[in-house]
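The data below hold one chain only, encoded as structure tokens and taken in the form predicted on its own.
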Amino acid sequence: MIELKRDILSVLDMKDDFEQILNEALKMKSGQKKTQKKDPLKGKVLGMVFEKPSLRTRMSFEVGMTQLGGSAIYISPNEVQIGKRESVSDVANVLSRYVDVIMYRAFSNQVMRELAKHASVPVINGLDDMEHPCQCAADLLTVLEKKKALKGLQMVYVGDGNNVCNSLLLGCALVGMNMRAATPKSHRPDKDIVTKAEEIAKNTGAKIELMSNPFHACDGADVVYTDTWISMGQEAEKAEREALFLPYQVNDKLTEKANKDWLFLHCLPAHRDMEVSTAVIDGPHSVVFDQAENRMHAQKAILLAALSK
């Protein structure tokens, strides 16, 4: 009998237990969760493959795996060069002989899926050009922690309709949270993901909206979220992107019609006085460092879900 493995490459790979994963993460963070045995991942090894460097991804996965009793090995961009020094399938097969689970932080969703196809151990998406599912779990964990519930809240994403925005659309739809994505028309989120989010939302009662006016989007917001305008690999577009996205800066004026107790989220690293004003990110509505910490708690729950038998 072939033993099936659980890959978590998309938020959709958690569609059947997403809220359970969030609640497990919250319980572990608060100390309420008593695992059936101490060190549930004792003896397990996580291989962390990075094509893009990240402070939060490396630290949260490595510390989280250690807290669960396992160990983690960091593989830098220069050590593998997937598809260049070695084929994707060869890397997947070799890593599967050494580790129990792979976290891959990649440039390409296509390569992410190819690696998962050839790996015999679970693969977790640490980021690619289509989605950022672990970030989405941490984001909604943060909102759940602060607001005590998710269903019916209004999430507003402002800026570039990128991988973070894509995953948020799916995550919000799954938990019944309304989401508006305010982006330039030229930088809307992925059409297929929007369609999937809308289909899910029909069953959960969530409302998915795309728009270009960020002021209209922030009216009545419970959560306002933004991300960097210039991701790794887009440096040549810096001047063009800054000019295009300047009207989407999250500042006091943009958020003046948000609900009184609105939260500000940013996946970091942030560029103060670019996509967000210093007053907002360092202000009373900002929970970005709780959000950063929650990467670890969410990923611990994801690791347990991926490795549970």
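Residue numbers run from 1 along the displayed sequence. Only a predicted model underlies this, so the values are computations on that prediction, with no experimental measurement involved.
The same protein has a further form, the form predicted in complex with a small molecule, not shown here; the description that follows concerns it.
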### Task
Have a look at 62-70, 240-248, 263-271, 279-287 and name the one stretch with heavy atoms inside 4.5 Å of the small molecule in the predicted bound form.
263-271
### Task
Report the residue, out of T226, N166, Q135, N125, that has at least one non-hydrogen atom within 4.5 angstroms of the small molecule in the predicted bound form.
Q135
## Note on the structure
Note: exactly one of A236, V94, A149, M232 sits with a heavy atom within 4.5 Å of the small molecule in the predicted bound form, namely M232
### Message
Quick check on T255: any heavy atom within 4.5 Å of the small molecule in the predicted bound form?
### Response
no
### Task
Find out whether any non-hydrogen atom of R180 is located within 4.5 angstroms of the small molecule in the predicted bound form, and reply yes or no.
no
### Message
Against the small molecule in the predicted bound form, would R295 count as a contact residue? Criterion: heavy atoms within 4.5 Å.
### Response
yes
### Message
Even though the partner isn't displayed, in the predicted bound form is K27 close enough to the small molecule, meaning a heavy atom within 4.5 Å?
### Response
no
